[in-house]
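What follows is a single chain, given as structure tokens, in the form predicted on its own.
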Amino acid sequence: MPTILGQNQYGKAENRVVKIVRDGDTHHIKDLNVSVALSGDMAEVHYSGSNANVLPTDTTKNTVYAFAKEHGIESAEQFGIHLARHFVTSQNPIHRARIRIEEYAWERIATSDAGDTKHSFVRKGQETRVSQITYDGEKWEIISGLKDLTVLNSTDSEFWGYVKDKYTTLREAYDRILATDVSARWRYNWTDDAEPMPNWEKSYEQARRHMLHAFAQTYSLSLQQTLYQMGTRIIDSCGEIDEIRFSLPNNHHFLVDLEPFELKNETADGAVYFAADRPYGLIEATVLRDGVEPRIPVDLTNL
């Protein structure tokens, strides 16, 4: 049977870019992992091998590094916007550009005698910031977020009243540890160059803060309830964000049986737990502003 070409794209993946800005003796660092995917009039390279419409992936790599110097890196989102606009507007065969960026955060090393150093940094281990910038020559879609943000509540969490059948062995819990590694993506309602652009750095910090506050302040009867409260807090507080999707593994903590050692584990002064990394429950959901259609792919945050 005859075949036809379906969706296709190409580009250079995982370009590691470290930009140092020297403000006298004080230095600033931006550390990104940038992946470029381009699509458009690319049928012939698949059908006949003609490269007439192909911008080499090596050129996309070079563009990433040149733009880091030429435009700087104000934010991951702004850098991705510069790149996407360039690829779509400078090459007629390219109709759509998607830029995915991971940002690795650094903080200054504090020394006891001199405070924060001006040019020495330690890599932050809390989370990785992520962004996806897509441009088709007319409209933008900016999806930002984070992954690997580990959070834990040592109390104020319960889990009971669930369905039970002959395979159920889990005991109901009225005071448990709730822990997860947050993977979240949120979509901005900025889509047009004619509209005022959000402050990407400020928006990220606000979304992260509201997410953490909701996790800490929600008395949780299920991880699903906590997820919804985290998303709701962000949507209610950040008018530039219309949609957010979470993938939250339930990092189980089980009481260790210390009876063989004649020790009572669950006491008023605390307890000892075993942290199990797998298997784990995986809770996923999207929270939307009322009246907004979902657009974040459901597989963008999950396994």
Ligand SMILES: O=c1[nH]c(=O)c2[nH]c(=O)[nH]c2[nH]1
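All of these numbers come straight from a predicted model, not from anything done at the bench. Start at 1 with the first residue shown and count on from there.
Below, we refer to the form predicted together with the ligand, which is not included among the displayed structures.
**Q** Quick one: borrow the ligand from its position in the predicted bound form, overlay the C-alphas round the pocket, and report open or blocked for the shown form (blocked = 3+ atoms within 2.4 Å of backbone or C-beta).
**A** By the 2.4 Å criterion, open.
**Q** Let me test this: is every residue among T128, V151 and N251 within 4.5 Å of the ligand in the predicted bound form, going by heavy atom positions?
**A** Answer is no for this spot.
**Q** Does the ligand come within 4.5 Å of any heavy atom of F121 in the predicted bound form?
**A** F121: no, not in contact with the ligand in the predicted bound form.
**Q** Within a 4.5 Å heavy atom cut-off, is V17 in contact with the ligand in the predicted bound form?
**A** No.
**Q** Flag Q78 as yes or no: does it have a non-hydrogen atom within 4.5 angstroms of any non-hydrogen atom of the ligand in the predicted bound form?
**A** No, Q78 stays farther than 4.5 Å from the ligand in the predicted bound form.
**Q** Taking 4.5 angstroms as the cut-off for heavy atoms, does W140 touch the ligand in the predicted bound form?
**A** No.
**Q** Tell me which stretch of 216 to 224, 102 to 110, 83 to 91, 129 to 137 has a heavy atom within 4.5 angstroms of the ligand in the predicted bound form.
**A** Among the listed stretches, the partner-contacting one is 216 to 224.
**Q** Though the partner is not shown here, which residues of 160 to 196 have a heavy atom within 4.5 Å of the ligand in the predicted bound form?
**A** L170, R176, in sequence order.
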